[in-house]
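Only one chain is given next, in structure tokens, and it is the form predicted alone.
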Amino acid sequence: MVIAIDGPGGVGKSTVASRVAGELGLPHLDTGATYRAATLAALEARAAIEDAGAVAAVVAAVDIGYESGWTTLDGRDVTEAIRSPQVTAAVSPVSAIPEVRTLVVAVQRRWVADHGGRAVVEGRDIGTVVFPHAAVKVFLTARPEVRARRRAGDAETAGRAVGDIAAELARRDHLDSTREASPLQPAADAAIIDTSELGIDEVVAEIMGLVEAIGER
């Protein structure tokens, strides 16, 4: 059973996905971390981000790992490094490269297979591309100002103005939703949950209700 939780930044995906995974006793995969690891690899190799072939070649040659919230690149812990401003600025263009998406989606599917085919997977195209037959599909959303305020509380954006964070989120939304390969959009059969006025417990409860409805708990 795969629970797919998609949505843009600042809607609470990671917190919600982790909580749902804990409730169900399932492993949790943050696919955004795998794209960030791919981006870090390209930056460290000094590949020109606009050179799709060069970036894809770098990504094809590295081993991206993820376990219990820790991300590795060729066995090296890069959990903090992938949250750097440099990676954040480059992750959207790197993620938009079709060859990179093919490589990283293979990593994500293999990860789930290695974990028994049962997991809570969060990202931006899980229900539409990575696991289109997921048992439960959820797309989280929230008003722009709410998302910016939430992001302002993250360690990677600490000290930054909410307005700057909002502008960055809008830029990422545009890039992710207009890219040719796997654009950010809800799956046709996804449950859309606006988290603007909901607490984490309420969002988790809604998703658990969806899981119980299919008799998988």
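One-based numbering along the sequence shown. What you are looking at is a predicted structure, and each value in this text was computed from that prediction instead of being measured.
Another form, the form predicted together with a small molecule, is not on view; read the next lines as being about it.
Asks: Please pick out the stretch from 53 to 61, 173 to 181, 187 to 195, 66 to 74 that is in contact with the small molecule in the model of the complex, where contact means heavy atoms within 4.5 Å.
Replies: So the stretch in question is 173 to 181.
Asks: Out of Arg109, His115, Arg83, Arg143, which one falls within 4.5 Å of the small molecule in the model of the complex, going by heavy atoms?
Replies: Exactly one residue meets the criterion: Arg83.
Asks: To verify the annotation, which of these, Val136, Val91, Val78, Val100, has a non-hydrogen atom within 4.5 Å of the small molecule in the model of the complex?
Replies: Selected residue: Val91.
Asks: Under a 4.5 Å heavy atom criterion, is His28 part of the interface with the small molecule in the model of the complex?
Replies: No, His28 is distant from the partner.
Asks: Is there a heavy atom of Arg150 lying 4.5 Å or less from a heavy atom of the small molecule in the model of the complex?
Replies: Close contact is absent here: in the model of the complex, Arg150 is far from the small molecule, nothing within 4.5 Å, heavy atoms only.
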